[in-house]
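Before any questions on how it binds or moves, here is one chain, the form predicted on its own, in structure tokens.
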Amino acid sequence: MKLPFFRSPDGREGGTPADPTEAPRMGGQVLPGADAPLDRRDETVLPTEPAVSDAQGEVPPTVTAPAVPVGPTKIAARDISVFYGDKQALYDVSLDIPDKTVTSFIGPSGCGKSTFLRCMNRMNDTIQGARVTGQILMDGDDINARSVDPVLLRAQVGMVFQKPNPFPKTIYENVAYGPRIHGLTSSKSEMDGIVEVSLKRAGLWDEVADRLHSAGTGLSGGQQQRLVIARAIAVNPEVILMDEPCSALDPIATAKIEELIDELREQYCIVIVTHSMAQAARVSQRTAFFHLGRLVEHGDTEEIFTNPRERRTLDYITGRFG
């Protein structure tokens, strides 16, 4: 069941999205100063670098992600800027993210990757003093429009965080939580089916089928992360956002998560933030490189890793800075 994340002015679901020419909004409110010119005080244009043709002996990670046809655009971001109080964290980012494809965001710490990721399910709404300008369209609908219910939006755009965060409930209740609060089932047998299917999709069913009523927090780190993924997909989302999902895991658990990402890619639009160039090369078909709050370049992962257009991109993926 698809959860409509638009509500009409009288509260009914499925309302017509607001005029995309409106000032961007967050949490149902007009953003302060959203219709005013952006503050350009820190926006010094970086010099354009010549196309890179020689890695000077440095070898970027080998791209091993399966080559698949890129799906139609699922999310289209236009001129996204983010402010935390007086500080601007992201500058005029425009990016198309295709469906049924893994898109990785790479770049040094503090470059805006996670900030941009959080824009796609309005997690920045929860940060006091945060302000977002620009427009993000999901299937052509403006997710920042006044008619959007952010709770329903986050059901359609799930989030997996860096540190596994299962609820202090049983494994079963962790997965059943979303379908229950959104009213997706009418009987226990239906709920049992959703829990089983979600755990199977997350590659966890065989490991926990005989202890579904044990605490989710009692699982290993890698199992907890797969449980969180099962919880996210239990409400049948369309997009899964992952913010460094393997950074706290050992290599074996990381390999399982990466295998899972490749399997889920056939059904979902997946966006992953990672500091591991090798991981981006292994799991993603598209890559976007961020630096100092700006999107430097984006394209097919193989092209970004073997023939980047910008010197900064080459320097980063070959370890010259980071």
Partner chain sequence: MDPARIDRDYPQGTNFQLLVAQQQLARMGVVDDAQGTQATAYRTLLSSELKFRAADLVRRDPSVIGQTVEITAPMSDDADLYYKGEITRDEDAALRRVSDRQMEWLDDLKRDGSVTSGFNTLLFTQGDSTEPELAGVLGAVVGSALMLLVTALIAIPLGVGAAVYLEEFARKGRITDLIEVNINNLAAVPSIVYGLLGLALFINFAHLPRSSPLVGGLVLALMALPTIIIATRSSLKAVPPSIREAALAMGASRTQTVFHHVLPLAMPGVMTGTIISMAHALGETAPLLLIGMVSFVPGIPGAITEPAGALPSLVYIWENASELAFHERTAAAILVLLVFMIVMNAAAILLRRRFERRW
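Numbering follows the first chain given and starts at 1. The structure presented is a predicted model; accordingly, all values stated were derived computationally and were not measured.
What follows is about the form predicted together with its partner chain, which we do not show.
Participant: Counting only non-hydrogen atoms and a 4.5 angstroms cut-off, does I181 reach its partner chain in the model of the complex?
Facilitator: Taking the distances in the model of the complex, the answer for I181 is yes, it comes within 4.5 Å of its partner chain.
Participant: Decide whether T126 counts as a contact residue for its partner chain in the model of the complex under a heavy atom distance cut-off of 4.5 Å.
Facilitator: Taking the distances in the model of the complex, the answer for T126 is yes, it comes within 4.5 Å of its partner chain.
Participant: Is A215 near its partner chain? Define near as a heavy atom within 4.5 Å, in the model of the complex.
Facilitator: Residue-level check for A215: yes, a contact with its partner chain.
Participant: Applying a 4.5 Å heavy atom distance criterion, does M159 contact its partner chain in the model of the complex?
Facilitator: The answer is yes: M159 has a heavy atom within 4.5 Å of its partner chain.
Participant: Looking at its partner chain in the model of the complex, is some heavy atom of each of M242, H275 and F305 within 4.5 Å of it?
Facilitator: Heavy-atom distance to its partner chain in the model of the complex: none of the three under 4.5 Å.
Participant: For the interface check, one of 87-95, 190-198, 228-236, 131-139 should have non-hydrogen atoms within 4.5 Å of its partner chain in the model of the complex; which one?
Facilitator: In the other structure, the partner sits against 228-236.
Participant: Can you work out which of S220, T185, T170, T73 has a heavy atom no more than 4.5 Å from its partner chain in the model of the complex?
Facilitator: By the 4.5 Å heavy-atom cutoff, the listed residue in contact is T170.
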